[in-house]
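Let's start with one chain on its own, the form predicted on its own, as structure tokens.
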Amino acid sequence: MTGAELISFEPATGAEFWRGVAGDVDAEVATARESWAEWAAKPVTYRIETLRRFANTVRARHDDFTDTIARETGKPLWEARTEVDSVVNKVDISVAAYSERTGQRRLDAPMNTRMALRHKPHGVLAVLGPYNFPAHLPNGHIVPALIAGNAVIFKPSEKTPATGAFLVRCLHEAGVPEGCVRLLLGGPEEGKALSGHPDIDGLLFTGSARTGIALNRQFAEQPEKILALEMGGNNPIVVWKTPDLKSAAVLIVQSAFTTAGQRCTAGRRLIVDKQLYEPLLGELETLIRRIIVDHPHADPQPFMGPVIDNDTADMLTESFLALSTRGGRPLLHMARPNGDLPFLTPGLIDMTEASDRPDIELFGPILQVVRTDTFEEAIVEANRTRYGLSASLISQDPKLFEQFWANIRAGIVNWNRPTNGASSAAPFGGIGWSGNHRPSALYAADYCAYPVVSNEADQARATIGVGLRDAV
């Protein structure tokens, strides 16, 4: 409801961190609609220089931005710092992507004519951001949208509004017109009103598959509007024919438990050769027990902070129990070291003999393990999902990677690397329930502008050489 109070709490302490007031969707859309044409009329060099000033503004406020993200999400300081770095780096990447993907081109044409390819902005784009990367992920939509000449209405997650406000403040301080980047605070009600507003020209979304599928249905009767969906994953890690089990364990931990498992690219399912199972699980359990789970500013720095809130922690704890009741065999139980706060220790569960392996994205530090007899069975198991975002093979056999790459269904296919940590300098997206074929990162430029082809000549010269009667 417009005017309702919005309060953000620190997951690691439970303390109130920030409060604000939910915005007026109609007013924000109207302001952006009034402002975008003037911004779009500016030369692209002007827009690019403005965004470069934004990068410098974020650099100057790096420590404050890092602290805001760490406190509001519970991320360790080291990880919040890398998120701010990504916000800065996104500008240069987006400038290069604009030129490479949507720049002007001259095409071959008949004599005395020209064929030109240019791109136009859509107009007013809504951006819905998630809580796990509350600055980096929406920024990955906002920067290329602004460079292309769009105005943006950004609604951050109701769980991380302070980070969203910080990001927009930096954009305004850098000289992006206030009318061209609007901050819409609010919860699901404001999100629904924004996505369904008749005066937006498109929606750029990062979040859960459930919400993304609802948006896809909503936009099905609006083909004139661009919709880019970046959703989740039930991502597999396959381990086969590798002698270095210590390194394999590190890659698995990085995949499954970075950001407390709150990444769309996090490894959710470990599929392993049954002959490697015992020694690999021994290394993995030893490493997991060494993981420090603590608040963002702790010394020594933790590997993991809390999940976003107690409701999420409760859901994940219940999910781990539900996997056990379906025949899963807990290897490391998920624990709540502080019952009043959403800290969780990593959970590891063997689902090989389970009667049912639910194809859902458990957005937290839970890793399911499945043993298989053959590599072909491992690929079948890896593909047993409606999602298709990220997959990784840990193996010393190049031929196995060739087979894995050819047969796995995912938009990101890694070899001896974690499932997460994708580069912004490459396309980022998946298939199935992981997206709608609108990859972001380098390819975000593709959905921020549309191509216009022109056949041009300086003078109008034309004849018809067939099909006419003789002149009278």
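Numbering starts at 1 and runs along the sequence shown. Computed from a predicted structure; not experimentally measured.
Note that the form predicted together with a small molecule isn't included here; everything after this is about it.
With a 4.5 Å cutoff on heavy atoms, G164 does not count as touching the small molecule in the predicted complex; it lies far away. In the predicted complex, the small molecule stays beyond 4.5 Å of every heavy atom belonging to A260. The closest non-hydrogen atom of K192 lies within 4.5 Å of the small molecule in the predicted complex. Taking non-hydrogen atoms only, G187 approaches the small molecule to within 4.5 angstroms in the predicted complex. Residue in contact with the small molecule in the predicted complex (any heavy atom within 4.5 Å), chosen from D201, D273, D350, E158: E158. This chain is displayed alone, yet in the predicted complex one of V84, L77, L251, L137 has a heavy atom within 4.5 Å of the small molecule; that residue is L137. The stretch from 110 to 118, 280 to 288, 314 to 322, 207 to 215 that comes within 4.5 Å of the small molecule in the predicted complex, counting heavy atoms only, is 207 to 215.
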